[in-house]
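Heads up, the chain below is alone and in the form predicted alone; it's given as structure tokens.
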């Protein structure tokens, strides 16, 4: 009788291993390709054992203005994340706690807006961009930051809304009785209990802004390009420089993997805490 649960557990572990291999397989191939030279890269028989080279990383880091593109990506990702969290927290609290006209419309409309893919809004956003006349590196970076904020804000509000609903209203009422202002209630009572939710929202917001390609392609010039857009510089008239593309892709992936790895506990806690019906 005890063998059946053991077989079930073994099947679950085997399924997890298979899914993990499918998920990490492309990343492994990208990493290995970034260390190959042209001959090994285009070998008819895939080479799993080869002499690694750092030529691709050398070109990417020192010959292609990597530092400029890295600064641009960090600028738009970090600033848009901070603005999104500041606005999303107060908006989620207002929707969850305050009774105002159009509250339901704002809640469901906010979620529906998040379902719109960036490809759909690329053309109208470009039209607005052209009308507003953004020019110059930092003007383009600030404009891109604002668009990323608008893109990520609905998701962050929806996520933090669930956390606000978990907090008993008695705690807020007790703070108000003690003389706390609404801002002090949010800062001293609500915010400390929503830290895991803010961590999850920050990670997802940062990753979306860090990896987004289409809007950055449309809205930035040569000096304001982010790392994902800079990859297209390796598509030349002489061919596709796969080794350098894979090296750049590996460098882009590293921050997201590191953040996710060290914040895995906060992500799990945040998603499970907020995944209840308010």
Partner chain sequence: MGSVTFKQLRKSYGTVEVLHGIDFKIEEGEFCILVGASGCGKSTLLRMLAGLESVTSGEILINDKVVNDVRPKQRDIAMVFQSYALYPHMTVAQNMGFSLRLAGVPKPEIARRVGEAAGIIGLTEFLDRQPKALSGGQRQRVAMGRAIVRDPQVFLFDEPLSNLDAKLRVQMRAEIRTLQQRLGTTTAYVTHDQVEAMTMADRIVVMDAGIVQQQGAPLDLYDKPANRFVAGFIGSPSMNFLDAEVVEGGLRLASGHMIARPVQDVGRKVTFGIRPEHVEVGEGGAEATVDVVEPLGHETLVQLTYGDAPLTLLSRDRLSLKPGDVVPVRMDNPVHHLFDPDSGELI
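Residue numbers count along the first chain shown, from 1. Remember, it's a predicted structure, so these values are computed and weren't measured experimentally.
There is another form of this protein, the form predicted together with its partner chain, and it is not shown here; the text below is about that form.
The partner is absent here; in the model of the complex, the one residue of 141, 199, 189, 164 having a heavy atom within 4.5 Å of its partner chain is 189.
Although the partner is absent here, residue 175 sits close enough that one of its heavy atoms falls within 4.5 Å of its partner chain in the model of the complex. Using a 4.5 angstroms threshold between heavy atoms, residue 78 stays clear of its partner chain in the model of the complex. Contact check for residue 180: a non-hydrogen atom falls within 4.5 Å of its partner chain in the model of the complex. Taking non-hydrogen atoms only, residue 171 approaches its partner chain to within 4.5 angstroms in the model of the complex.
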